[in-house]
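Shown below, as structure tokens, is a lone chain in the form predicted alone; questions about how it binds or moves come after it.
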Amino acid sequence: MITQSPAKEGAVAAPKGPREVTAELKAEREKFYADLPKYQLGALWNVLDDALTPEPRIRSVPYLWKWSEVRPRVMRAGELVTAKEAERRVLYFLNPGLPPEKISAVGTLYAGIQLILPGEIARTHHHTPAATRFIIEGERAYTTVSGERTLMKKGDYVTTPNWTWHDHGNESDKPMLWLDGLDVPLVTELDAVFFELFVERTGNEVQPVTKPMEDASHRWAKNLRPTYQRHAGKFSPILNYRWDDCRSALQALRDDTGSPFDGIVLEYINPNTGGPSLPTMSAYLQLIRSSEHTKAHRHTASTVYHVAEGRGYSVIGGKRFDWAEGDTFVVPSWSWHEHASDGGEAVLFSFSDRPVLEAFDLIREQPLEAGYQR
């Protein structure tokens, strides 16, 4: 015979079967709930439907920034504020679905346009958010990262890994503009933002150049590596992925079948691992061939796109966005999207937070059964 232990003092017996929620019980519950915040507590069952949803509830919305509208305002900023005053003279993209204090273009990704005028120097600093640069306009400006300087020109993709000293300068006679991409929203949410000026550490505004020009390209970017050296970082050792090389590779594969959802798309990789160029952000160069219209799909990675060449349109979440060279647009997580060229080939640069989702096994992808959005 099994006997039940007597209830401990203070224990509450669970009700047997359905219970009637009387007005008295309802009033007691409301009083109980109202009292919980005094102790920094909350009742999970009251918010469970909002916390665990059948699909993601995305706050970011699809949006497109026209270069014809952005560039004049960036140039006006150059008339009003110096690079020294601004630390970094950038107009950043605000997603209209997010509150203005959240400086996110989409999801966990920040994006903006940086301007360096002839003769200017943006002094050396470092920070825990990692950064990418895609050069939109100009040439012969430079970035120095961890003592190595690279000259940049239109179409180059430049990496700035987390907590590396970096500065920019323009030795040409024309403005230099590029797309900045950072994981600032992610690092902020993780409470892991650190920032420091080089001058505070050393007394100097700009770091010394301690490596030969284009050292990383010679050392790591030729399908060769020094046998006597290993790259220890989790980020790519390549500083500058040259447009001429990357565009040629894309063109050489133009007759491949490619992806039904992305056409011919290549990823900028870390040559040591075959993985993304930065641990938290992956970057891509994508060819949408003449008259090509990719099929629709969606995934949990958020993406910032920049039109490097040509013109066309994307259908995102059922809405058409027409784009041309210089425009920037975003595809939020779990949003149906498809791309089409218009009047010839188009090339899209993009960066994404996919590596973060892959690291935590949170990547989900789904094709649209109908093929295209209606």
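Not measured: the values here are computed from a predicted model. Heads up: residue numbers just count along the shown sequence, starting at 1.
This next part talks about the form predicted together with another copy of the chain, which is not shown.
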Though only this chain appears here, would residue 223 touch another copy of the chain in the predicted bound form if you measure heavy atom gaps against 4.5 Å? yes
With a 4.5 Å heavy atom cut-off, would you call residue 202 a contact of another copy of the chain in the predicted bound form? no
Proximity of residue 41 to another copy of the chain in the predicted bound form, heavy atoms at 4.5 Å: yes
Since only the chain is shown here, I'm wondering whether residue 128 would be in contact with another copy of the chain in the predicted bound form (any heavy atom pair within 4.5 Å). yes
Judged by heavy atom distances of 4.5 Å or less, which residues of 270-294 approach another copy of the chain in the predicted bound form? 270, 271, 272, 273, 274, 279, 280, 284
